[in-house]
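Below you'll find only one chain, the form predicted alone, shown as structure tokens.
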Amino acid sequence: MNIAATINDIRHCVRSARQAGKRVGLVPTMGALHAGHGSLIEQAAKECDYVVVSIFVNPTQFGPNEDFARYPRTFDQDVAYCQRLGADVIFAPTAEQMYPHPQRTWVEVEKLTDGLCGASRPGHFRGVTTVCAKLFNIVTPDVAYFGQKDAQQAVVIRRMVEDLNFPMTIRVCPIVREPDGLAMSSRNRYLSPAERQKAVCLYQALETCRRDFAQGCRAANGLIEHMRGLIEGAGGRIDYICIVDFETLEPVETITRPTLVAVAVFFGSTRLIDNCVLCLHQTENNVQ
């Protein structure tokens, strides 16, 4: 497995793969890899002949009071993990490589970034879409792989790719969870043992929402309030609980179509997100 530190290096690697007739898959990450990332790499290896994993902690998607400086960086472990799972090359640029000059050009997706994490983290999605556009232009993948845990991000990136005519496919893979249901996240390692125990309430609240829905509840407010009580009762500090249209991300009052239930909750200073999809005639994994 190769490691490419510069844009020229990764372009050379991809060019060689394409000359050999290989289909290229990209898994964009910020490192601190876990089984959720692993599922994306494994899926890419199944569907593509040449798998690129990018590892880059992107400064432009962090706000001034967020955790950029302390975001976990575990490069050596990440390299070994990627190799075991069948990646062909890691693209690990520096910030200077990705942003050699003050950034004057940004990619912004309107409307879809107004709510959910976009409301809580101003400027976050501008950084996400801009760095993804850069990665797509640099690597030119046939397919890029994202996780359903970052549901709003997946919707936003899909729309960017469609609107800007990138010649590629976005594949969104199911959430990978710990045995007790907590969604895999690089930020889980911030949690104290006590906070880790509390954090499982996110999954429990989502499962309760599913059960309420299966039993006939279609009113978004009722579902939200039941979840709110469970999360606050467990000691979580709620950033948001939202029920929105799966495609437009606009709030819904009554569930009549595929709907995203999204939560963001603080445990101590750690902010975790999770979600599930409610469908009248489909399972969560069918809606991707």
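Don't overthink the numbering: it's just position in the shown sequence, from 1. Just so you know, these numbers come straight off a predicted model, no measurement behind them.
The discussion below concerns the form predicted in complex with ligand AMP, not included here.
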Taking the partner as it appears in the predicted complex, which of 192-200, 95-103, 75-83, 149-157 has residues with heavy atoms within 4.5 Å of ligand AMP?
-> 149-157
State yes only if every one of 11, 134 and 139 has a non-hydrogen atom within 4.5 Å of ligand AMP in the predicted complex; otherwise state no.
-> no
Among the candidates 107, 168, 184, 217, the residue which, in the predicted complex, approaches ligand AMP to within 4.5 Å (heavy atoms) = 184
Is there a non-hydrogen atom of residue 238 within 4.5 angstroms of a non-hydrogen atom of ligand AMP in the predicted complex?
-> no
Does ligand AMP get within 4.5 angstroms of any non-hydrogen atom of residue 161 in the predicted complex?
-> no
How about residue 175: is it within 4.5 Å of ligand AMP in the predicted complex, going by heavy atoms?
-> yes
Quick one: is residue 259 in contact with ligand AMP in the predicted complex, heavy atoms, 4.5 Å cut-off?
-> no
Taking ligand AMP in the predicted complex, which residues of 1-33 have any heavy atom within 4.5 Å of it?
-> 28, 29, 30, 31
